[in-house]
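Below you'll find only one chain, the form predicted on its own, shown as structure tokens.
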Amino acid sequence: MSTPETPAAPPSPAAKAGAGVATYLDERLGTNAAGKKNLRKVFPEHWSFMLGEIALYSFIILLATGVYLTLFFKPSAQEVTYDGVYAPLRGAHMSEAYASTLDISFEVRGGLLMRQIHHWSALIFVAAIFIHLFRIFFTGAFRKPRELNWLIGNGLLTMALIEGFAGYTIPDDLLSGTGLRIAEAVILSIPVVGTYVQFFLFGGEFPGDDIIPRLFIIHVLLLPGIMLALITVHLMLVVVQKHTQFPGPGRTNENVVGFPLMPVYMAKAGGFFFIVFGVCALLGGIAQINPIWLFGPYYPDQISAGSQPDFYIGFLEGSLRAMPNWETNLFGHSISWNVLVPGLILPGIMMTLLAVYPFIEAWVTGDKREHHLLDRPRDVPVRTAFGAMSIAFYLLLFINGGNDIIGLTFDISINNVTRFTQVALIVVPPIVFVITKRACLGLQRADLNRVLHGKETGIIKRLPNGEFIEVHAPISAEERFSLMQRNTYAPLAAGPATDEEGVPTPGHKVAKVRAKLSKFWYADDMPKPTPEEYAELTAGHGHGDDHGTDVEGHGH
């Protein structure tokens, strides 16, 4: 006797409405086909991939809190007399921008919380971009076909620095005014046209009445719009080019191993967004930041002791303090090298080298393949050493940006701190390069030793001849695959200077430079063992009692 089937429940009104909306959009935009393809797109899992998400989510928080603050902020340099609730400044003369910021902090419901969430989100946003960029650089995620995305990321970093500077300048407090004064000095240091640029930007003599409204437009409209467009393109390229992944079993240049966008990845991303938002809200609620009422309004003839910018501008402050006081006079024009070099030339060189590095490495290797598998930093020692050297240089500048605080805290002469930094900027980065490269080569050798010998067991065995050895156990095929799945590059050869008929080879000088760079990049890398070498080693004495293999030669 058959059991009657229970009739299916009719769709709910919400489901009917959703289906109707989907049908409506599909008939006009063809969304169903695109959604079916993209919503099942696979994204790999690794903790480092969350760094980019932190930058994205903090940017969303910045937009949301910024809209709220814009409703109450008055971007005007017009002088007013403060009559608000903050008694210590009542009756003081200040700009309308500073007065409205005080009102947001003390009189607007939730204003101070929003200000602090906004500021903390900005710091997290820039920090996340920095660390996300480090991850991309050290793992080689910038290689073909992602060079364009690397350039977009560098552009976003530059605009984030400018956006942050504009954001903490517009309240017109004493701290932000000091930073604006330094920016004006950097502009004036530009040969020939510096004074004209300064007059155009400030609308006359410093500080002028135009700079705050202009910075406000840049901060709330121009840069956010450009950044939003670039972030959209950045994410679209990630979807089109597919996400990179670390090497592992089943992972190749042709596939992606992970979870689909819907529902798994979207659920995780949504939860992670609320974690980032919660951290920003917690910091905004309990950790005071940028208390402008303590700094007071900006007056051009005043400066507060111990003035320090936000961390992302710290390296520029440090470079200005480290540069000797050099000036020259050419054809009636004074060139202030003490401001021009650290304020414009050095940051320009740093950002340019960062932007063009993928093209330099591709030229040195001659590698024109597409790369969807990431490198481990140890597998590319020179690149990793360059990155560590650059970070060391940046940190030295950053530390020197607080040389007065360091001198006061540790009772050291500020001149001694500055002289130490000047010497360290030349000496320390090369030392960091050498140490990092040797460490990476040592880790490569350790990986090779683990592949050829297996892992240590802690078991000591005595041989018939009386020798004591430690027994090694073979590693799994998965681990061996992960350790040895790395790119190896043979240094390029320059080729003959002339052809068979004695005619000079075109471009030979450039080829010689390329060959020397290629040798510098890859000559010291540990070669991977061939299958034949590995089979000979395991067949000859096995992993159980292997004790005499020479790692450098891959055999006895």
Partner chain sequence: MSYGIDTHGGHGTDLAQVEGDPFADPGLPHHTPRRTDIDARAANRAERQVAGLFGLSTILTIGFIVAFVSIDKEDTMYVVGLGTINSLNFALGVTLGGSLLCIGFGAIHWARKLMNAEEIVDYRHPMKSSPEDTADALELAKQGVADSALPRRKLIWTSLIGAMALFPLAPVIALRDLGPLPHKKLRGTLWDKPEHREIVHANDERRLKPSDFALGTMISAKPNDLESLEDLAKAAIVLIKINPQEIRSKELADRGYRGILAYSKICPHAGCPLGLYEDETHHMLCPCHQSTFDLADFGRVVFGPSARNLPTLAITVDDEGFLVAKGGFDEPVGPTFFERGDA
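Positions refer to the first chain, counted from 1. All of these numbers come straight from a predicted model, not from anything done at the bench.
Unshown form predicted together with the partner chain; subsequent notes refer to it.
**Q** Counting any non-hydrogen atom inside 4.5 Å, which residue from P75, G296, G314, G208 sits next to the partner chain in the predicted bound form?
**A** Contact residue from the list: G208.
**Q** Go through H333, K455, R445, R438 and name the one with a heavy atom inside 4.5 Å of the partner chain in the predicted bound form.
**A** The option sitting close enough to the partner is H333.
**Q** Looking in the predicted bound form, any heavy atom of E254 within 4.5 Å of the partner chain?
**A** Judged by the heavy-atom cut-off of 4.5 Å, E254 is in contact with the partner chain in the predicted bound form.
**Q** Does the partner chain come within 4.5 Å of any heavy atom of G250 in the predicted bound form?
**A** G250: yes, in contact with the partner chain in the predicted bound form.
**Q** Within a 4.5 Å heavy atom cut-off, is G66 in contact with the partner chain in the predicted bound form?
**A** No.
**Q** Flag I303 as yes or no: does it have a non-hydrogen atom within 4.5 angstroms of any non-hydrogen atom of the partner chain in the predicted bound form?
**A** Yes, I303 lies within 4.5 Å of the partner chain in the predicted bound form.
**Q** Only one of these stretches, 424 to 432, 127 to 135, 157 to 165, 408 to 416, has heavy atoms within 4.5 Å of the partner chain in the predicted bound form; which one is it?
**A** Careful reading of the contacts points to 408 to 416.
**Q** Only counting heavy atoms and a 4.5 Å limit, does any residue of 80 to 111 reach the partner chain in the predicted bound form, and if so which ones?
**A** Contacts from 80 to 111: V85, F106, E107, R109, G110.
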